[in-house]
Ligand code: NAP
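Here you get one chain, nothing else, as structure tokens; it is the form predicted alone.
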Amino acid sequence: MVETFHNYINGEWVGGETFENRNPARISELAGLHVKGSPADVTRAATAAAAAFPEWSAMPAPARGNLLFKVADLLEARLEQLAADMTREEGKTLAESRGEVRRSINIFRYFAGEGSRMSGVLTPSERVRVHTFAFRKPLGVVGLVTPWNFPSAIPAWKLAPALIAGNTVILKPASAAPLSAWRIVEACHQAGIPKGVVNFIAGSGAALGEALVDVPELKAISFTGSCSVGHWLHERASRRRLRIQLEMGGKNPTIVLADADFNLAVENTVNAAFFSTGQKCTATSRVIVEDTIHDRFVEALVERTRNLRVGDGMKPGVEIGPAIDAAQLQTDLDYIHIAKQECGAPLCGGNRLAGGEYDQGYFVEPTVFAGVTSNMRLAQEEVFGPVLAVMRARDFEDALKIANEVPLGLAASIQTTNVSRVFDYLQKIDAGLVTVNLPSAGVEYQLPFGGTKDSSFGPKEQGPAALEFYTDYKTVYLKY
């Protein structure tokens, strides 16, 4: 029997009309039914969160941290179940899902520890017998809007710092993959987090997002998703002068120089471009290769790509899962069609996979196009799928110029053994996250995360920087 997952408002599980959450690798399989939230539910959740705020924010931060440690323990006890849930609803391989659940556990433990380290500012006054300091205070009710591609980690890295800082929360997950976030909220409930502190509403992004940004109790909103929705949200939230944090798209380059460790560069590029079906905001979508090794690199890249095993992520040996849904699959195919018109046939891939198990899901071949130039749409627009553009550069300076010729600036990678080139790159690349001799995709929870240009707006996420968004300072001048 298919399980129904209720929304969570003011410490209670709330039923109602449902929508389907289907396995993208096997469309006939339901991962669950989820209650479809309404604007009225958002209003109720905001009222509950505002009522819970005074008591929650007054609780000592180490005590809040103890509850977050309990959440982490509950998630860890169910790691295998949560990983299987994620693969069935999002499509990524079981190994990737295990890694993401483990990351969510680590995030909760990291921010639980921050409860005992909540720092402020202590500085001497220029006046005699005046003591000056500033301490952090929570904002109030915050809204968290999360995407489907990291359905556990992104809710975790927004929810945990918001809670440890003393805020109360309304969490709205992507309707394409809501179960992983629901499992985190379930753990919050079982850990004993007081009613009203965490509220969860699944459903239509358009209807719920508009309702969320309009509720008068809301003080801040953190969003991860598309640029178009992010721009709309920024305009709408700015009317109310809400604090806002946006993480949006990426058109991320990997530069491969002639002095790179060749085999490592090939593997890093394939990993960043195609793992998780290319459905990462930090995925490599452009590889910019120095002219003297271009042809050799492309040959090795294509050979490695052709050997990738695509299929149901629950099966051993599968490296690439399906697109999340029919709409994303169509987007992938549309961009492949556009690229064929721009630069000719792909060197490999380029088709929807068909036959056998492929007919049951949203599978597309990992695809490589060569001869891509900066004026082409494939070089400028985010696909969010397993489609890689290969671009040729004369030298390092030309590669850097090409890398920066896009409106987005989230992640970037360079493959080189030249230390001077590395430091030039670190200084000049337009990206908030830079890797060296590693894939562009893959971040750790204890460091700031965020981009530049049109990729991001507001304070960074994760690590100690996360508290900058979820807190404000109260400054004190004390004469004694």
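Residue numbers run from 1 along the displayed sequence. A quick note: this is a predicted structure, and the numbers were derived from the prediction, not measured.
Keep in mind that the form predicted in complex with the named molecule is not shown, yet the notes after this line are about it.
Taking the partner from elsewhere, N149 is found to have a heavy atom lying within 4.5 Å of the named molecule in the predicted complex. In the predicted complex, V145 approaches the named molecule with a heavy atom inside 4.5 Å. When contacts are judged by a 4.5 Å heavy atom cut-off, I402 does not count as touching the named molecule in the predicted complex. Looking at V229, you'd find a heavy atom of it within 4.5 angstroms of the named molecule in the predicted complex. Heavy atoms within 4.5 Å of the named molecule in the predicted complex belong, among the stretches 369-377, 216-224, 261-269, 180-188, to residues of 216-224. Interface residue among G203, P155, P161, G313, judged by heavy atoms within 4.5 Å of the named molecule in the predicted complex: G203. For the options S175, S276, N167, T305, the residue carrying a heavy atom within 4.5 angstroms of the named molecule in the predicted complex is S175. Contacts of stretch 245-276 with the named molecule in the predicted complex, defined by any heavy atom lying within 4.5 Å, are made by E247, M248, G249, G250, listed in sequence order.
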